[in-house]
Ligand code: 13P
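In the block that follows, a single chain appears as structure tokens, in the form predicted on its own.
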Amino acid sequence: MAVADDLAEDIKRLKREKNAVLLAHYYVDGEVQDVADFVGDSLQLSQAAASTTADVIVFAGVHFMAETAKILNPTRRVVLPDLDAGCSLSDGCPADRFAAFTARHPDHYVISYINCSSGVKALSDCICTSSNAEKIVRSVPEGRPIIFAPDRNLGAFIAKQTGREMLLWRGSCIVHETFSEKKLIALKLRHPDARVVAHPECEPQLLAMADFIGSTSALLKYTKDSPAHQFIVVTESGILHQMRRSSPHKEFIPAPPDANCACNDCPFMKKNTLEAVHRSLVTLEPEITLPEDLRVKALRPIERMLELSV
């Protein structure tokens, strides 16, 4: 504990000295969230990155998030504590394959979930997050066909919500696709009064058992506002830290995956340790850089998303 406390204090000092801001996703470890200047979901972090005046942005998240911050802040230094903090959704949708896919459907409006590379963003008409995906899809005129990538589960959920048929890229999140339906049923039987809250990246059979479906920020708000005192949480376990802080008198039960463990952690998010964050502030490395032509192409659909999310 003393080592963690010392690191946390030194992180605060380094941020002051280097005019750095630390942005952290809800899925990173709680001790990193506690030293961050801003904690949020992908939309909130994009908005925070767009509005910061810091010279340095340290992004405790995954690679596509840090890339998004760089796209929005070309003159600022953007640092990712661990370059190996990737994303299965982004990895499963290479830009060259996606370019070939969209070329076969030139009449389609392309909406890409923010969990994708800058190359895929550059091929898109608009970016979305789980917080605003429904609003983005509804903004497309009726009759205009839509490609939705790369998450098939989020795309299917939004298609059901909006009644829009969409051509889906067949990608999925390694965390949200591995929750166990059988174990969730068992949890519900053991905790009959618990509300089930789930992220829309989950498989449809899991969503069918949820009392509330929403983005990480929406799940947090729901658990805070709900009169219920017990929740089964079907998303990455990092969000439980903020849920417990916001509602210390309530109980939060992480839904388990098929594997023999109690909760479902994203191995990429968990690379953002206090040690890695501290090291990145000392060295200002690894730095995220992008070719300017790619950055400009990727910026346009992100700006459209931010305009529609006001």
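All figures in this text were calculated on a predicted structure; none of them were measured in a lab. Throughout, we count residues from 1 along the sequence that is shown.
What follows is about the form predicted in complex with ligand 13P, which we do not show.
Using a 4.5 angstroms heavy atom cutoff to ligand 13P in the predicted bound form, none of E67, F98 and A122 count as contacting. Look at 156-164, 215-223, 139-147, 98-106: in the predicted bound form, residues with non-hydrogen atoms within 4.5 angstroms of ligand 13P sit in 215-223.
Contact check for M243: no non-hydrogen atom falls within 4.5 Å of ligand 13P in the predicted bound form.
In the predicted bound form, ligand 13P sits within 4.5 Å of a heavy atom belonging to D41. Although the partner is absent here, S130 sits close enough that one of its heavy atoms falls within 4.5 Å of ligand 13P in the predicted bound form. Contact annotation for N115: at least one heavy atom lies within 4.5 Å of ligand 13P in the predicted bound form.
The partner is not shown here, but in the predicted bound form the stretch 11-36 reaches within 4.5 angstroms of ligand 13P through a heavy atom at H25, Y27.
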